[in-house]
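This document starts with one chain, in the form predicted on its own, laid out as structure tokens.
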């Protein structure tokens, strides 16, 4: 028998909580347990009830810590692990000064493999069990990403970027090689193990019309793959895009005219949107991705979460490493809370933890597999300790509710608050 009983305080979400009194939006078990077998959650219930079902199963007791579904990061850059905290101006200067030179190093398969190990170590340390990553333009970087994810049995999504202009030598492909490399990577990795592929034209500035046409062909040929790119992060970026695509109605229209938009489209940033662009996002049910630490670090702007939600859009949230400043989804929520405060919007802690679990799973169309502690779901979950640092422990003495505990984790937590990370039922830390 390979069953394991994981005991602790369990929290999982059914819908997005509208406030602390929305008890039907989540399930909380003060002394709960997960029965895990062969990488899946077999049962979820009070500890006593599950102990009766599986009396001989080995136990891991995580009390008094809190067990939630593993965190999901919907936008980050695998080749940027060594450019986090690089001083710079705004987006385009930062890309040219730091990011592009760094990404040229990923032509070396050995370097890419070493960085893949460090990348996934960082995700595990921060409780992130699923991520959507951009690799570099080199097929070798995507090979390293997927190979290491497969070795660890991770539910990961990624793709090599397609970029054939406005980038240095050694960091450009062509419309044909970008198409061919992506096609081969999809055939090799999409649906293999727990891996999924994201067709990844980096953004309009670094792709010619011919390349975006090739990306659109890939989207049409592989509708079960994701498509990820960047949208309206920075005013200079928007202006440059308008120069490169003078016939486009707006930035989003560049992607729309090449057939890149659908409910599988993940659009990083989406800050400075025009009314027509929002209408088109709604029409195609595309997914804007909020990247708070990056938006603050690069001075990009303030995401309108509530405004887009009110139009019926499903917003995701992400770290955006390495413009983003932390692998921690807790710190991402911390900065997201502050941005929304400036927008006169509120991010309640229950809604915040819904967002980085079931909410992001819903944005990816994977809510039947990940993002919840439910029978049949993949056994990816995280154990959180609200007393992880002396300051957190001191503050926690005054916490009287679950919401207060979550808010302490959201504002004060980081990798130290991640007591354990489980992937397919196996501890990773």
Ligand code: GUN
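Residue numbers count along the first chain shown, from 1. As the structure is a prediction and not an experimental result, all values here were calculated from the model.
There is another form of the same protein, the form predicted in complex with guanine; it is not shown, and what comes next is about it.
Contact annotation: guanine lies within 4.5 Å of heavy atoms from the stretch 75 to 83 in the model of the complex, the single such stretch among 152 to 160, 75 to 83, 110 to 118, 188 to 196. With the partner removed from view, the residue among 138, 348, 202, 272 that has a non-hydrogen atom within 4.5 Å of guanine in the model of the complex turns out to be 202. Listed residues 297, 94, 258, 179 were compared with guanine in the model of the complex; 94 is the one with a heavy atom within 4.5 Å.
Guanine in the model of the complex comes within 4.5 Å of no heavy atom belonging to residue 358. With a 4.5 Å cutoff on heavy atoms, residue 287 does not count as touching guanine in the model of the complex; it lies far away. Shown without its partner, the chain has 230, 233 in segment 227 to 252 as residues with a non-hydrogen atom within 4.5 angstroms of guanine in the model of the complex.
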